[in-house]
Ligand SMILES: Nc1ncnc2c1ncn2[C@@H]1O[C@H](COP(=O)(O)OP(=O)(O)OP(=O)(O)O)[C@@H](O)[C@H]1O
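Here you get one chain, nothing else, as structure tokens; it is the form predicted on its own.
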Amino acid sequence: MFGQNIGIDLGTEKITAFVEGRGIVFSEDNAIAYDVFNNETYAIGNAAGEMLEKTPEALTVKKPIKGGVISDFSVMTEILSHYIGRLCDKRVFRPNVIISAPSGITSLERKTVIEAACAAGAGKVSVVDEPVISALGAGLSIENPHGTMVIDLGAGTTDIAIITMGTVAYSASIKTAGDTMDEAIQQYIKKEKNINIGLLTAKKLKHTVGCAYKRSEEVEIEATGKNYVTGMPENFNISSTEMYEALKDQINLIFEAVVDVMEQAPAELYSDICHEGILLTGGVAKLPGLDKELSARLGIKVKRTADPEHCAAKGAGYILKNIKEMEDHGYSFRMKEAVL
């Protein structure tokens, strides 16, 4: 195949790129900042992400993916064009691009992803299910008739899949994920403390004292918000136990979705999962205690990968090295003309 080979983990929160022969080259915020008066691009990536909820009237920050689905095609195309152009520099041939996508997206949504990548400068595009690509990035073999269960916990969606022989046999994609956890933290603090906080503060609290179980040794942190009644800034303390209370409903929804998928599996695949365990990938997999909590509830070993955030990008690297093998499993490359 001519052209440079690129793998892109197109996440709600982050865009991570893998280039054949170079490895993971960047992981940046999937965001863009515009000047609202002349509609010119002001910043893309981390620079735009840092402006979220902090911009003056002249600027606005847009995130093109919501709930794992492209909600703003033109914005997504511009962001992809920026990164694909940066990766390819001045090469003559258009790059071949592999993109990860939630397993539950429709054929129309899958076509939209391919069309956005082609419009951004890709020559050929292949869209691979997020759980499959994450499993490959974690080093699992998915080619044999052996069941593997992967829970990919991203910002916009949680993708749960049972994989066998290189394809998804049973799956579910739910909107309960990192973003809804951040919103749950905001709502809890507003309800219990009469304080409004921004999304960036909610994310910080989730990463520092968030947990999926009640810790034996409580951790506490100080944060600042805006008093809901007076409108004045106010410092407050929040503990790991309070964070558990804020997040427990979200954990319950993820658990219920996992059970629903497992109930669909025939006895032999279920036996494989019970023997091998369940793999957690994605950024939310780093939430302390999530693996232990799910394991205790399910009665099955649940393990988190060493680098859950970058599993999809590493999986893209594996596919780039084994393109013919993945095409045999139905993950074919499509050109712009075929999409249109």
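Model, not experiment: these values are computed from the prediction. When you see a residue number, it is the position in the sequence shown, counting from 1.
If you look for the form predicted in complex with the ligand, you will not find it shown, but the lines that follow are about it.
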Does the ligand come within 4.5 Å of any heavy atom of residue 62 in the predicted complex? no
Residue 282, heavy atom within 4.5 angstroms of the ligand in the predicted complex: yes
4.5 Å heavy atom contact, residue 113 to the ligand in the predicted complex: no
Answer with yes or no whether residue 287 is in contact with the ligand in the predicted complex, where contact means some heavy atom within 4.5 Å. yes
From the list 163, 80, 153, 195, which entry has a heavy atom within 4.5 Å of the ligand in the predicted complex? 153
Within 4.5 Å, heavy atoms only, which of 190, 226, 86, 207 is in contact with the ligand in the predicted complex? 207
Taking the partner as it appears in the predicted complex, which of 117-125, 236-244, 215-223, 174-182 has residues with heavy atoms within 4.5 Å of the ligand? 174-182
The ligand in the predicted complex - contacting residues of 12-51, heavy atom within 4.5 Å: 12, 13, 14
